[in-house]
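As structure tokens, one chain now follows by itself in the form predicted alone.
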């Protein structure tokens, strides 16, 4: 089994080719403009992988670029946006409006619980989230789609009477189905060759997404020494038993941020948003992206001055005096 190997280091092209296939159920980590696994997203686009069923919590740039490149057939999501650059992801919105993808939406808390259920190995978890709202009534995937797709649960959500009356102050609970992706891809600060991972700052739903998946690709800013992560091991969030591939990729979240390493690049994201609003400009953007050999080639095109501009201050963890306009 790949997860028991002592050395799981692979290059990104090989890792994506080995685990991400047309039509697979894929989960990507990160949150809006933070720690999206962008190097892996760009490699999926270069390999022209199609018909993905995508799961995300509240992702931004990764979602928009995968959808914009035509890689996604269906998505289950709480939110997709990049803050001031796009309150709602632009190509994502266009695809939904044009009926190019199918979407099913959940609350932020529900998506976290769904990944947690997958990580726990249980079929569902109960919550009160969305009681009294249309989240329950409006399904993105019909019963016919669910019957035809073995990877989908029979119901979006199930409302049931509280089986423990007298406990809690609710008469009903909502059951949210587990998510067990074929593959989860996350970007972390440090990982060792076996796949032990350490993130700094907020982890979002990345830990649950990794533990819920059948296969996990981890891209990392830095490959740690064999015994390095044994020190202060309480700071490690994901143990090696969950990881199939470790891919060292400096700036692997670029153009999104990786706390304490670099901030997001407002120049890139502003230019991207402008291109995403125009089909011809976006086609040209994709052509340039696909022409890059790998993530390092993309970074070389950006240039050292821009990368220096977003370097994180060691005290705050963010770029100082960055013009975010």
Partner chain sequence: MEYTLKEMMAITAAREIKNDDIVFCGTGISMLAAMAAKNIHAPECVIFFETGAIDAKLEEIPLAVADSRVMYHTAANGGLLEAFATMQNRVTGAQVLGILGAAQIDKFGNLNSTVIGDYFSPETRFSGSGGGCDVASFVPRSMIFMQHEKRKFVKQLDYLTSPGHLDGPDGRRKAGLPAGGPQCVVTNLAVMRFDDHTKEMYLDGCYPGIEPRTVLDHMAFVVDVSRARPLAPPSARELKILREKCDPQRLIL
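Residue numbers count along the first chain shown, from 1. These figures come from a predicted structure and were not determined experimentally.
Another form exists, predicted together with the partner chain; not displayed. Remarks below refer to it.
Taking the partner from elsewhere, residue 145 is found to have every heavy atom lying beyond 4.5 Å of the partner chain in the predicted bound form. Looking at residue 282, you'd find every heavy atom of it more than 4.5 angstroms from the partner chain in the predicted bound form. Although the partner is absent here, residue 234 lies well away from the partner chain in the predicted bound form, with no heavy atom inside 4.5 Å. Proximity of residue 198 to the partner chain in the predicted bound form falls outside the 4.5 Å heavy atom cutoff. Proximity to the partner chain in the predicted bound form holds for all of 108, 205 and 320, with the criterion being a heavy atom within 4.5 Å. Partner contact region in the predicted bound form: 252 to 260, out of 288 to 296, 42 to 50, 252 to 260, 62 to 70, criterion any non-hydrogen atom within 4.5 Å of the partner chain. The partner is absent here; in the predicted bound form, the one residue of 87, 223, 241, 100 having a heavy atom within 4.5 Å of the partner chain is 87.
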